[in-house]
Every structure is written in C-alpha cells, then in structure tokens.
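Only one chain comes next, encoded as structure tokens, the form predicted on its own.
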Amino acid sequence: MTGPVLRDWQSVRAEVLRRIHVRDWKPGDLIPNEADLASEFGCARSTVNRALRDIAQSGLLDRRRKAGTRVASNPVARATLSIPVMREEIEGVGRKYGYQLLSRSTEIPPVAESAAMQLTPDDALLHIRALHLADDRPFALENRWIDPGVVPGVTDAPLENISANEWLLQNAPYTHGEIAFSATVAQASDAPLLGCDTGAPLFVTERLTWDGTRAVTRVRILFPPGYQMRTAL
C-alpha cells in the first residue's frame, strides 16, 4: 500500500489524526506498526515514532510495548497548563498590574518545605512573600521558597522591581514540575492583604518545579474570592 510522501513528523501527525477523525481508524482499532507506516509515508521510522508519541500524549492513542498502538477507546481530554506570568495574565484581560514585595529573607524553611524539595533540614532557602495586584486590588498572595544553590543568580536579583514568578521564568530553566489545586479559608494574617474577611474561601495553587533531580522553587499562591482559573482542552 502506498500513500502520501510525508517528510516530517508534523505531516505524519496530521495524517494520523485525519484518519482517526474520519474513522478510517476507529476507537479500539490496532493501527499499522511504525515500520509499515514509515514505508507507506516514505519517511524514516523515527519520524513516525515522534508523531505517534506526540498523539499518544494527547490521549488519542494507546501505545503498549509488544502490543502495538491502538486508537484509544475512551480518549481522555487533557487540559493544557503552563506556568503563567502573573503580570501577563492580569494585563492580558486589560487590567493594570501592580506588585509589592512584602518580605525577602534567607532562612531555614519549615520541615514540610525541605521534605517536598528533597533537601536536608538545615539547607537555607530564599523566602519570598509578595502581593500581586490588578487595578490596585489584591489579586494573589505569593509565598515562595527558592533554592539559591540551583538558581545562584536569584540572590542578587532585583525582586523588589520584578516578581520572583517572572524573574524565574526568564532566568531559571526547569525540566518538569508538579501542581496542586485546593481550597482554604483566609487566615487573620492574610485576610487584610487579600482584601477579604478572615475565614473567607480562597483558591490555592501549589507548584513545585525541578531542574533534573534538583528542586528549583516551591510556591503557594492564594487567590481571593471571585478568582477563576481557565485553561484549554
């Protein structure tokens, strides 16, 4: 069987997706193996492999070693999340961004932070607390720990002028991360900063990013009542 000559993995990806969408390959179907697809498309097997891996990451293909690749019977829509630059998020909806560095110190973190970042209990970290504003109103309260051993330049970074959120995304590479969402209530110490009553419901994001096997930063961000998080599927 011969087909279109496809020279790059994006073209192979597009053709595979087309066949799935028009039901040439139906949910649960075993698709041709990589060698056969490479012969059909006139490209390298590695090109086919790259395309199928990308589609599998989206949830449309189920790849199993020695069992082949099947069209997913129940494809799972996956949300795409990225680490937002808080300033861009606020300005992107037409609001004025503001930023206040509340505190900056080098100290021994709580045991929970050290454990999460896989550090020894006596490793000192840079501790940042900051408030992000939208139209001069509280938007998010940031509590962040940074390992200066992984990000040496952060010690002298002008974090009174640029948020640690934005500075790290510009200067500290990371390979992977973890993110969690939860709810809490405003404590007496945080409520005035967030412009809400003590006990008011808050949306929480907690994020931990890594550069290989070393933790870069761990941050907990509190959002006041009314905040909505949006993403794409």
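For every residue, the number given is its place in the sequence shown, counted from 1. Superpose the two forms; the largest set of C-alphas matching within 1.5 Å is the rigid core. Bear in mind the structure is a predicted one, so any value in this text is a computation, not a measurement.
Keep in mind that the form predicted in complex with the DNA is missing from the display, and what follows is about it.
Note on contacts: among 192, 42, 59, 173, the single residue with a heavy atom within 4.5 Å of the DNA in the model of the complex is 42.
Taking the partner from elsewhere, every residue among 7, 33 and 63 has a non-hydrogen atom within 4.5 angstroms of the DNA in the model of the complex. Proximity of residue 165 to the DNA in the model of the complex: non-hydrogen atoms within 4.5 Å are absent; the residue sits far from the partner. The DNA in the model of the complex comes within 4.5 Å of a heavy atom belonging to residue 50.
Interface residue remark: residue 28 is not counted as part of the site for the DNA in the model of the complex, having no heavy atom within 4.5 Å.
The DNA in the model of the complex is not approached by residue 183, whose heavy atoms all lie more than 4.5 angstroms from it. Stretch 33-41 is the contacting one of 183-191, 165-173, 197-205, 33-41, since its residues have non-hydrogen atoms within 4.5 Å of the DNA in the model of the complex. After superposition on the rigid core, the Cα atom of residue 184 is displaced by less than 2 Å between the shown form and the other one. Relative to the superposed core, residue 220 undergoes a Cα shift smaller than 2 Å between the shown form and the other one.
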